[in-house]
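As a starting point, one isolated chain is supplied in structure tokens, in the form predicted on its own.
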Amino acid sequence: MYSDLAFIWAGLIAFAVLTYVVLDGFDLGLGILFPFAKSDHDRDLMMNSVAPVWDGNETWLVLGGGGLFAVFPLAYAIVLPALYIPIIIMLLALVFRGVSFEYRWRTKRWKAVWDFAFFGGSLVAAFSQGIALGALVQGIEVVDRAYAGGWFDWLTPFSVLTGVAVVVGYALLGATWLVLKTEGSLEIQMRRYAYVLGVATLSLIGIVSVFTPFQDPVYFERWFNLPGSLWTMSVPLIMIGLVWTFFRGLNDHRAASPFLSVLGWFIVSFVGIGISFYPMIVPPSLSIWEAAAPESSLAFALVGAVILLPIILGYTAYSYWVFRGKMDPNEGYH
């Protein structure tokens, strides 16, 4: 029973993190693309496209972090000091970005400053998330159930590579979101950007995938030995189909399929990382069951999750449904 509850919670935490990535990813990507808009009007449209949903997107970050603290306290106690600097930088960037989202509408004199803050906060937050991901993949040094590494163990060529990959991937998500939500010259511009960013993202996914098995012998064994190789072989096959639908959608001037295809890229990549990690929650040495809270705590927290998760999913789905379709360029956030 204990192992079942820990496994369920690991799945819930993974789901919350993945949902945050795919929802707030296009939000951050839009900010990364902000300086490339051709006019203030286009920047207003870009921001208006996410104004109704961006706050709700970050709910999943809180849920993932809070859930990790509640049900995997040992993992939280190890991961936080290991990634303290990139996590703090990410949170400060998100705060800066949120403030700029509100203030840029209240001033003309300082609008350019807040526009840059929106771009900078988005870029830094995305890069920090990629750095943290790379540091987690390459492994965290644990001795006697405590973090035993240094302050800057997270900063390596591999983590910088994953940081760049996340920035480019988020920018692609932002471009395809704007293809979905806008019309006219902005849609044409973002459709053109999506081609370039799509090729760059696929290249970076390939490079990261080549280096990942060499970060730990366990990854290499799981990727290239049965039965793990059966799972890892399915990942590129699914990606091929998603890549085809992405470029087909762009060529056929479809609005939704490029965005949905890129969401699929992120989901498949996330599953690939999960295949490498499992059953470790803090690679390479701390498993889900070793890091889990007592069974009574897992069961108690699960009751709350069963109640709250459908509510969160419901209002998230409802907000996207209400604001579905192309934007009216004459309406927006004020």
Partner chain sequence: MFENLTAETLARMQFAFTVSFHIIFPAFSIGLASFLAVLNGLWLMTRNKTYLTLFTYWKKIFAVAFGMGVVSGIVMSYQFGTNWSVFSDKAGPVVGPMMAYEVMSAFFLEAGFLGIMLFGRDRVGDRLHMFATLMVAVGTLTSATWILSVNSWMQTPAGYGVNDVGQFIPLDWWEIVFNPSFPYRLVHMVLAAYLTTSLVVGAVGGLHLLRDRTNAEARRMFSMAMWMAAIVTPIQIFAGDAHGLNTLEHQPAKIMAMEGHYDSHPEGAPLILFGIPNSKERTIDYAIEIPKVSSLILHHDLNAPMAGLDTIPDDEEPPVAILFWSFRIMVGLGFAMLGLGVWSLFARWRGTLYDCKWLHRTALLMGPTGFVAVLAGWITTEVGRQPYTVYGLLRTSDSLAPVDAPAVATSLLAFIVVYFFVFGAGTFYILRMMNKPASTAKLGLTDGPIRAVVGAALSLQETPSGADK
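Residue numbers count along the first chain shown, from 1. All values derive from a computational prediction rather than experimental measurement.
What comes next is about the form predicted together with its partner chain, which does not appear here.
K.L.:
Each of P35, S234 and L242 near its partner chain in the model of the complex, meaning some heavy atom within 4.5 Å?
P.N.:
Spot residues vs its partner chain: no contact at all.
K.L.:
Please identify the residue among Y193, Y219, F119, Y76 with any heavy atom within 4.5 Å of its partner chain in the model of the complex.
P.N.:
Contact residue from the list: Y76.
K.L.:
Sort through A256, L80, L161, V199 and report the residue having a heavy atom within 4.5 Å of its partner chain in the model of the complex.
P.N.:
It is L80 that has a heavy atom within 4.5 Å of the partner.
K.L.:
Which is the contacting stretch out of 244-252, 161-169, 88-96, 259-267, given heavy atoms within 4.5 Å of its partner chain in the model of the complex?
P.N.:
Selected range: 88-96.
K.L.:
I'd like to know if G272 sits close to its partner chain in the model of the complex, meaning any non-hydrogen atom pair within 4.5 angstroms.
P.N.:
Close contact is absent here: in the model of the complex, G272 is far from its partner chain, nothing within 4.5 Å, heavy atoms only.
K.L.:
With the partner left out of view, is W154 within 4.5 angstroms of its partner chain in the model of the complex by any non-hydrogen atom?
P.N.:
Heavy-atom contact with its partner chain at 4.5 Å: absent for W154.
K.L.:
Is G65 part of the interface with its partner chain in the model of the complex - any heavy atom within 4.5 Å?
P.N.:
G65 belongs to the contact set for its partner chain.
K.L.:
Taking the shortest heavy atom distance, is S39 within 4.5 Å of its partner chain in the model of the complex?
P.N.:
Outside the cut-off, so no.
K.L.:
Which of the residues spanning 292-318 lie within 4.5 Å of its partner chain in the model of the complex, based on heavy atoms?
P.N.:
Stretch hits, in order: A293, P294, S296, S297, F300, A301, V303, G304, A305, L308, L309, I312, Y315, Y318.
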